[in-house]
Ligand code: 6PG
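Before any questions on how it binds or moves, here is one chain, the form predicted alone, in structure tokens.
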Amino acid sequence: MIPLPTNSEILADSDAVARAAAERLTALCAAAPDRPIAVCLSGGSTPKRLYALLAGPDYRGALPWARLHWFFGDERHVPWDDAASNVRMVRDAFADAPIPPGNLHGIPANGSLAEDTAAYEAALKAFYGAAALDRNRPLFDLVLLGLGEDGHTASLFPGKAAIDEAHAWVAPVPEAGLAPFVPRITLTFPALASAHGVLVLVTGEAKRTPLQRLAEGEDLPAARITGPVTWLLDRAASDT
């Protein structure tokens, strides 16, 4: 069995991982009934299952959609209608969920990489109401992250400058570390760590290798995830 990250939970399969994440979001919303809730979304197949689940009959009626604001941890710098876009994936997965106009905060893809990076950071700061993060007032209520086969998370790839960004909330990634090799925009580790809770969703046998590398102490980007982190893994990934 692979030694697992601290605070890991092993679930039966990817559907069970998605349902566990949905339960945590529902509980979080119930515990904060009188304010906006900010959720940072991840790309990938397991998060897509989660979004479809939230929009389905089991959870749709339990969520305060008018108070939920959905942000993105990263995005490929392509138009939102492109098949590679996380915005498109999220919109398709949520389908006709009652998300108010303006509550889905996509990373811009209309200007240059630098312009759109700056625009998203400005949008985050406007929502947060300050230009600097306060450790006593997290930016997000919940951050969803994944684990790439190369150990990346969000679009924070091994060997790329964005992983060492200590001040900016958002960073450009001119060259991705994995296909599709298109420029990306990513939240940085300081922004991702500014959360009441962080869930790392890890499913499938292909994730055993990066989990093993993390267990061996390799300095992969995912090893730098901090904050109140819980790892939700299925049995295929955890080798149990």
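This one's a predicted model, so the numbers in the text were calculated from it and none came from an experiment. Position 1 is the first residue in the sequence shown; the rest follow in order.
Another form, the form predicted in complex with the named molecule, is not on view; read the next lines as being about it.
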Checked P138, P108, G148, P158 for heavy atoms within 4.5 Å of the named molecule in the predicted bound form; positive is G148
Which of 91 to 99, 108 to 116, 160 to 168, 69 to 77 lies within 4.5 Å of the named molecule in the predicted bound form, heavy atoms considered? The stretch 69 to 77
G197 near the named molecule in the predicted bound form, any heavy atom under 4.5 Å?
-> no
Hey, in the predicted bound form, does V143 get a heavy atom within 4.5 angstroms of the named molecule?
-> no
May I ask you to check whether P172 falls inside a 4.5 Å heavy atom distance of the named molecule in the predicted bound form?
-> no
Indicate whether the named molecule has at least one heavy atom within 4.5 Å of a heavy atom of G44 in the predicted bound form.
-> yes
Taking only heavy atoms into account, state which residues of 193 to 208 are within 4.5 Å of the named molecule in the predicted bound form, ordered by sequence.
-> K207
